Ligand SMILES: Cc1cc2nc3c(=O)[nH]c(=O)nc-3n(C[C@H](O)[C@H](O)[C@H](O)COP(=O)(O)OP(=O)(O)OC[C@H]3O[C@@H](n4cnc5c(N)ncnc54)[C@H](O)[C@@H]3O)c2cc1C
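What follows is a single chain, given as structure tokens, in the form predicted alone.
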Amino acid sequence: MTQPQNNTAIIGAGIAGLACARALAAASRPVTLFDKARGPGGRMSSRRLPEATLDLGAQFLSVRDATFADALEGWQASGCLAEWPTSLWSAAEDGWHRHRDDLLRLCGTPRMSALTRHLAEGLELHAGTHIERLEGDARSWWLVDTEGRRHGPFTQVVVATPTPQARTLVAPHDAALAEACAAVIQRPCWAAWVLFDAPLPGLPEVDHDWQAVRLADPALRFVVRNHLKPGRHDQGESLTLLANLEWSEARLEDGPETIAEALLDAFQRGLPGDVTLPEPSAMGAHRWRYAQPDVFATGEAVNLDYRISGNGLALCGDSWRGPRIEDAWLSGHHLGEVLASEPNRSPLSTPDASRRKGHLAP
């Protein structure tokens, strides 16, 4: 397919890629998204079973940045976000305690992927398209997928995927970007799910409709009751259990059933009193090989928003700022603003570093 000049391809339709695309689209810049999954979402994707909808990646988003907060107002008005959890707990040796702070937390409704689907509306998205390599010359870039199809030409390419995947794409073309990708440690995470035919029993001195709990177990860090999320009250009891990152690394090659059983056992151990869980009707687990970046691996946060080079390649995502949804969105949004501010820039020229918040790859 032939594209007009000064257009951008974005590989990855998670929150960072979508934020970049929306910033470009707002400036009337042509943009095309590619994602290997069946739809947008990335780690905000949801699994839909006949019995339940399950969020197996990000469970909610929190708000700290004013720019992100401004964007949230419009998303809430559209109906794709609602405040959640409102009954958050922390488990300790002396029992469960209500978790209180001043952070606003929001959840996609009726599932987390509702936000990314909202952001994808009106954008050109090629889902189910796995980009395998880039082919470039002095003035244009072509994207080649695993079926051998070529997409382009594009004047610039944004790679909004986890850094190990991004490195594979950019390494043949830009050593500095590849080196930056190699420096980011990506941590894996197991996410288990469990369905029950019966509701969970009541817990002593805990709300009967508690929604989520943080745990200090070596295996298990967070448990969510999916049916108590906004828009899901017609489904039965189900849990999402997120493993600790270190435990996930040690058990990375275990089978999904083994993982699910181990995390459910850990949750049983974390229940207060002598409460016993009902028998599960089904369970499983999903392995996120690149769940989140360790931006503190070198002792300090990266906090540089994105990477961009002078040959028409750029990188964005949580790898360049922090592990939260907010971080990923800000990375893509800031990059999109920079690319949109120079619509006539040749792909071989270098943007003025003094005009942007990010980092110019040498």
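Predicted model, so just to flag it, every value in this text is computed and none were measured. Residue numbers run from 1 along the displayed sequence.
From this point on, the text means the form predicted together with the named molecule, which you will not see here.
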Partner absent here, but in the predicted complex, which of 333 to 341, 24 to 32, 318 to 326, 305 to 313 has residues with a heavy atom within 4.5 Å of the named molecule? 318 to 326
Wondering, does Gln165 line up within 4.5 Å of the named molecule in the predicted complex on heavy atoms? yes
In the predicted complex, does Thr129 have a heavy atom within 4.5 Å of the named molecule? yes
Does Lys36 reach the named molecule in the predicted complex, with heavy atoms at most 4.5 Å apart? yes
With the cut-off set at 4.5 Å between non-hydrogen atoms, does Ser46 touch the named molecule in the predicted complex? no
Can you pick the one in Trp210, Phe196, Trp288, Trp141 that has a heavy atom within 4.5 Å of the named molecule in the predicted complex? Trp288
Looking in the predicted complex, is the named molecule within 4.5 Å of a heavy atom from each of Gly42, Gly57 and Leu61? yes
If you apply a 4.5 angstroms heavy atom cut-off, which residues in 187 to 209 are near the named molecule in the predicted complex? Cys189
